[in-house]
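Look below for two forms of one protein chain, each set out as structure tokens: first structure 1, then structure 2.
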Structure 1
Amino acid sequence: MSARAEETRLARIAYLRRQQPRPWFLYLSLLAIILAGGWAWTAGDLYTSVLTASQRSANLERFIGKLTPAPVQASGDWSDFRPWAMELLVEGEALKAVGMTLALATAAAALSGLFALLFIPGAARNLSTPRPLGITGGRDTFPLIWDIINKVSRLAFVFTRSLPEYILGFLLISILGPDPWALVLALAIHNFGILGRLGSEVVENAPPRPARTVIAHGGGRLGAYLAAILPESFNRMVVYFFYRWETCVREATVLGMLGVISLGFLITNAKAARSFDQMLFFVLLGALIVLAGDLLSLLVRRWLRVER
């Protein structure tokens, strides 16, 4: 490359850099974060406490000691842990609570996933439109109604996922009583909006060519969704389903504090009795359920990839 050509190239690069818009908002946000961080680091009021460092250390040590199982605290022998744990699992109804937690989470995830799959075609912008995937629908008597369906479906997703599960559960228990289905419905309503939003985005980002072929041959929107888009995007749908199922397990644990026998109910009772060792045991049981669900999700997705 000649010196003149190199000079021209550098001049063009310099010109493009001068024409590039400056992200002033990003610069100001970064400056604000730095200033706020510096203030938080130096502000003495944030570190004031009624307890001294030695008192906080003693409280922490005492709390950690209470997390140790009561028989182990008394004997100092961890071989006493197994009988204590088995007693909680069987006589303390922990196994029953685990089963109830799994049942609540699975039923809620299944309901929300099923209804989300039904509403997703109406919420996807590339299907619920007078020209699905850019192809004119010849059989549409009222083509503009698809715009209405799209807006109503998306509004339903936004509204339901904005309702807190705990408040929904409290209201439904007030109506239905302390029935497990009250919590199932509360979880299903909230997760319906989340799975619907995620699923509609998956449909909008799916490869359009197979679906266009189905529509061009008279298959319609529903045929394109069932025959082309859903099989292509099923693995992603499964990932989202198991993600929300894990969330449902955690939320079912919390909603159990409303009075339905689940891990949350046992955790609340253990906390009220200040049995922190039992409370930790029930919390770890919930974590094991989530880990098992993650492993199951991994196996299912691997199996689907092999089958395809």
Structure 2
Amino acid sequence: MSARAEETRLARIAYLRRQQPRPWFLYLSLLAIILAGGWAWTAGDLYTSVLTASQRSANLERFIGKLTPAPVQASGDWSDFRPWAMELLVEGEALKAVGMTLALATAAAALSGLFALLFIPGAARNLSTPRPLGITGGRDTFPLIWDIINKVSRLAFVFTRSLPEYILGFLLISILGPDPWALVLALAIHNFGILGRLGSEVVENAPPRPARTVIAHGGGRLGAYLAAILPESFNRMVVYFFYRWETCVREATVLGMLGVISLGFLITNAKAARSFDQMLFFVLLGALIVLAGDLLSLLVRRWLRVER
């Protein structure tokens, strides 16, 4: 090939390259992430510890020494483990705590799901517009209303999502007193935001044909939502429900630290009493429940044949 042809080709390539907009936003984001990471690592300690290294290792030694169950440590025989564990489960109220943990999670997931379902049609961009699903809804006296409904429900979702369960639980208990329902409310408020957002994405991505048919036959937005979109995306919604239930179980184990009987409560008590063997037992029990919850959620997903 002649040098001249090659030159025009290179010029053409340079031209094409200039035509394509540069992804400045990506570059800047990358730079920002690197800078933020560097800042985080170089800006000093998060917490200035008062302990010296030797105190620390002494602590660690004592902690590890007390991890084996007390009767086993005394007799050196692991057959003493069973009665000890049984006693903790029944008389130490661990079973009750497990039940409470699961009940907290279930009640919270159900409440948040129910309320999210009420807000979802408002937050879904394809429903709360003057032209639901691309079909004109006739002349609206006040078309802006849909925009407002949309913005408000979205804001409600983001705001509730941004409040961590633990802080909500703390605030609610300090206001309402130590009642399990305060914790249910805390879990439900946070998960309302998450389920609402996931649900409105499901509604936005649902196949529009059936819903359009409902509207074309004179139904309203709510009719389309209840009769076409919800049945259509039932499986996906249930999968999300179980996904959040799974995380609720995980979260409920720690919310007990705020002073209501659940595993977290037993863990903090055991820590305060310096019975680290019991503490470890409760921690592992909690892990077991979370794993069981994971498994159940996985089985439901399989059963409904939807991937998350």
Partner chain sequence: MPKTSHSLAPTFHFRKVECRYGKLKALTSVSLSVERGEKVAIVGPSGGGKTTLLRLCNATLQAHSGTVEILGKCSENLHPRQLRLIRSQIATIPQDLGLVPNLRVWQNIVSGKIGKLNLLGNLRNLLAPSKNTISKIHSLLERVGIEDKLFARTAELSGGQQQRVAVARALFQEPEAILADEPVSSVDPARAASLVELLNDIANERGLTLLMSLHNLELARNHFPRLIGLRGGQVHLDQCPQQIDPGSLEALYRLDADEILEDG
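Throughout, rigid core stands for the largest set of C-alpha atoms superposing within 1.5 Å between the two forms. Quick note, the numbers are simply positions in structure 1, starting from 1. These numbers were taken from a predicted model, which means no experiment stands behind them.
Asks: May I ask which of the two structures is the form predicted alone?
Replies: It is the first structure that is the form predicted alone.
Asks: Is there a C-alpha shift of 2 Å or more at Arg82 between structure 1 and structure 2 once the rigid core is superposed?
Replies: Arg82: C-alpha displaced by 2 Å or more between structure 1 and structure 2.
Asks: C-alpha of Gly259: shift of 2 angstroms or more between structure 1 and structure 2, rigid core aligned?
Replies: Superposed on the core, Gly259 moves its C-alpha less than 2 Å between structure 1 and structure 2.
Asks: Quick one: once the rigid core is lined up, does Thr68 have its C-alpha move by 2 Å or more between structure 1 and structure 2?
Replies: Shift at Thr68: 2 Å or more after core fit.
Asks: After superposition on the rigid core, what is the displacement of the C-alpha atom of Ile34 between structure 1 and structure 2, in Å?
Replies: Core-aligned C-alpha shift comes out at 11.2 Å.
Asks: Cα shift of Leu295 between structure 1 and structure 2 after core superposition, in Å?
Replies: In the core superposition between structure 1 and structure 2, the C-alpha of Leu295 moves 4.3 Å.
Asks: How much does the C-alpha of Asp277 shift between structure 1 and structure 2, in angstrom, given a rigid core superposition?
Replies: So the C-alpha of Asp277 has moved 3.5 Å between structure 1 and structure 2.
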